[in-house]
Each structure stands twice: as structure tokens, then as C-alpha cells.
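In the block that follows, a single chain appears as C-alpha cells, in the form predicted on its own.
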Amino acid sequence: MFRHQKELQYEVKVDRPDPMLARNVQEVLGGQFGEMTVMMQYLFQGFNCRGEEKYKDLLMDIGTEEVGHVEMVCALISQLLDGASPEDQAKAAEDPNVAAIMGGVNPQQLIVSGLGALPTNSNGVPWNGSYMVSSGNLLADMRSNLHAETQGRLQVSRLYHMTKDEGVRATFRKMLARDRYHQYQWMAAIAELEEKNGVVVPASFPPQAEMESQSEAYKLFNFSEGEQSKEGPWARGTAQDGTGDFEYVSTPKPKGKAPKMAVPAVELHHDLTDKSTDK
């Protein structure tokens, strides 16, 4: 059961309208790593969670908080659009640099939403369910969550420097603080799950099933110009699960044969046969 409370988690109050910034903020609402993505990702992971109740509870706690963050960002966008008009778009386009880079005010915020937020990114591309991850494997999902919070916080940090509006920045600071803590939470969950089951996903896959390929599990192949990658800890030392040692292969050689495809039936019209030999 969900219950909506009218008050926002944190105060949202901009100093002045800024339709151009409103368009940019759409990215952290409906973009790939926006609040809509983490909201849906955590909630679906929570809905589908099996096993220890504490993981489901954590997912539902943070997922429900993200519902509130979606509302906060919508309120921020709406305030940035207050008083905007079609004339604003025309005025912005008078500067050729602004017109070329920004394309002016987002016309959909004027035409479609009536000065409101949209479930889209900053270029008007609708939010997509494929942005979210809910695999049913807790470690895989927690790592995806850490990635999502990492990218989301990075984008809010960049937006922070795109405005001098202290009201907007105050909202961003709250979002940045919460995204930082959410990274801590996912890191803690990841560490606990790795301690329980190991660092490789899925832990339940039988090791004996890949024993014949074990030697291939530790090699870094030099498939690009230069050999700087051999200087990293991923090219030497022991694997994180303690099952083998890394090896750098400077001149990798193929171990398979070139594929030879059969000619398909003529009904598929690949036009691969020599017509001069047809009977």
C-alpha cells in the first residue's frame, strides 16, 4: 500500500524562472539515469525480491523515497517554467550560440504539459522501461543500483554548475547528499553479499561446468594499440575470488577456425549462387 503526503521531502523554491534550465533538469527526471529510472528500478526489485526480508525492505525504503524525488524534480521544473511563454523561445533563439546548442526552450513544456514536467529526457525522448534493471539476482541488482546512483549523482553535479540560482542549488545539494548516501547503502549491501556468496555473479553456477575454460578466466588480451593496460592490477596478481592469477598476453592468437557458412535455400533470395551455372 502506498500513501501520498502533500509535503515534499525537502523544500523546493527557485529564485527566478529559467525555462532553459528546466529543459536541462528534464535529464535527471526522465533520462536514462534520472529519478524515474531509479524509482522504477528499486521498486520492481523490491516487488520481486525473495529471501531475506531486510533486502526487500531496503529496496522498498529507497524506491519509495525516489517516488518523492520524482515529485521534487517535477516541482523544480514547474517553478523554473513559471511565467514562460512562446516569446521566451523566440528570444532565446536570437543568440545563435544558444539556438544552436540548446535549441531554445523545450516546446513540449509549452505545448504538451502546459508549463509542467514531462516523463522525458532533456531532448524530449520519452522515458523507457529498458533503462531499469531487475534481474532477480541480488548482487547483480545491487551493482546496477550503485551504477545508477553513480551516474545520477554525476549528472546532478554537472547541472549544479549550470546555474547560479541558489534556490535550485539548494535542491540539488539535498539530492547530491541523498545520492551519496544511497551509494553508501548499495556498497554496503554489495560487500555483504560478496562476503556471503563470492564476488562473481551468479555464485550458484557450478564451477566444474567451466573447468575446461578455467585458463581463459585470467588473461588480459592486448587487443588495442599500446600495452599500457598491463600496468594495472587487473593484469597481474591474484583474482578477487582467489582461484587463479592474472596474466597479460601481449600477442594474442586465435584458437578457433574461420567460420564457413552454408549457402541458404534459394527461396531466401540471398543471391549467393552463380546464375551462369544454374540448370
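A residue's number is simply how far along the shown sequence it sits, counting from 1. Computed from a predicted structure; not experimentally measured.
Not on display, but discussed next: the form predicted together with a further copy of the same chain.
J.: Does a further copy of the same chain come within 4.5 Å of any heavy atom of residue 36 in the predicted complex?
T.: Result yes; residue 36 sits at the interface with a further copy of the same chain in the predicted complex.
J.: Report yes if any heavy atom of residue 237 sits within 4.5 Å of a heavy atom of a further copy of the same chain in the predicted complex; otherwise report no.
T.: No.
J.: So in the predicted complex, does residue 105 come within 4.5 Å of a further copy of the same chain, heavy atom to heavy atom?
T.: Contact with a further copy of the same chain, yes.
J.: Taking a further copy of the same chain as it sits in the predicted complex, is residue 11 near enough to touch it, meaning that at least one heavy atom pair lies within 4.5 angstroms?
T.: Although a further copy of the same chain is absent here, residue 11 would touch it in the predicted complex, with heavy atoms inside 4.5 Å.
J.: Of 107 to 139, which residues get within 4.5 Å of a further copy of the same chain in the predicted complex if you count heavy atoms?
T.: Contacts from 107 to 139: 107, 108, 110, 111, 112, 113, 114, 115, 116, 117, 118, 119, 121, 122, 123, 124, 125, 126, 127, 128, 129, 130, 131, 132, 133, 134, 135, 136, 137, 138.
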